[in-house]
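Here we start with a single chain on its own, the form predicted on its own, put down as structure tokens.
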């Protein structure tokens, strides 16, 4: 078996990699287990030095790795360069701050000294998605590794080149063999890896369906689990919204990463008094989004990652239109080479249609009209997901109502949802549990050991 990456803009094969046999997996787990014992004994200063070197290497190779990301999954070259720089910044952040985030906490008790220590636990197994092929791995692995753990990860099969790049980057930076290891394994090999006693924790970024499967395996084997799953993020436009800014950001929030982001705004919920204005401006702006070669600086929207993903999105839209939805722009697969799909706006979407109850992983926006802000928040929360959401308003009371009322893991006001090193990232409801980034993310795969000295 092999893993093949196909350029979604040209449909040409980029590269092929052989799958790892059971013996290769056993060797990788053995090396990771051994690496953990030496890595955890290193000081924060020593870990920081190596992580900083990885950041420096990555910064010097941004154009190279960006072109690799674009060729394997189709994101625009500009977006790929931004992703690489964000990864380097995250490496620097945790190289600098992990020690303080894991500092021993003193807790007053009847004892002479007592508190909590945060200690690494061992090899963590991660299942990673294709949509941010560098960032998703870095977001998970860097805090986890800086905490003293090691990581073994299975990347998505269509971005094997990115997986190997990350592994080699860490090796070249001076991380010992086994601190970060990629495995080219099939889905049916995952249960045995999770069950292996050398693996002490599991994390996945992916769909809620995949999360249920991985969560079940982790629970069965009593392994700590962090799941960052899908979302259908609401973009709530209140009466006091600055409409020009809001519409501009609405377009960016929907087409970012070619619409293939778990935290991309997907449902645009506008109060009645601003609905007509928003819809007219939004449809006009989405109709002008330039679709094309992701390496062209003028391109705003590249192809979807694969024919399968493009055909799924097209089927979701077509089915919804048959059920009564209306496409005000887009909604038709363009002719020619590449897995392209245009920026699309749907209205009058029935709640039980595919666009009404499924996550649309591509540049398709669904716009709803709400009677008022309370109704908008009701619509926003009427979903099984709860990853991110945003409120757009100039009035402080409307902003606060949005921050308090949206049932999500991350809420932004007057800015599109993003992951930040300083803030915990993760979801609620069917969008998963556990957190990445910030102090909470660093501590997810540590043993919070209480101590008491009489």
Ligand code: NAP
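Computed from a predicted structure; not experimentally measured. Positions refer to the first chain, counted from 1.
What comes next is about the form predicted together with the named molecule, which does not appear here.
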Classify residue 309 as contacting or not contacting the named molecule in the predicted bound form by the rule of any non-hydrogen atom within 4.5 angstroms, answering yes or no.
yes
At the 4.5 Å heavy atom threshold, is residue 262 in contact with the named molecule in the predicted bound form?
yes
Heavy atom of residue 36 within 4.5 Å of the named molecule in the predicted bound form
no
Hey, in the predicted bound form, is residue 206 touching the named molecule, heavy atoms inside 4.5 Å?
yes
Of 133, 231, 74, 143, the only residue with a heavy atom within 4.5 Å of the named molecule in the predicted bound form is 231
So the named molecule isn't shown here. In the predicted bound form, which residue out of 129, 338, 292, 331 has a non-hydrogen atom within 4.5 Å of it?
129
Residue stretch of 169-177, 245-253, 207-215, 87-95 approaching the named molecule in the predicted bound form, non-hydrogen atom distance within 4.5 Å:
207-215
The named molecule in the predicted bound form reached by all of 139, 156 and 425, non-hydrogen atom within 4.5 Å
yes
Select from 372-407 the residues with a non-hydrogen atom within 4.5 Å of the named molecule in the predicted bound form and write them out in sequence order.
387
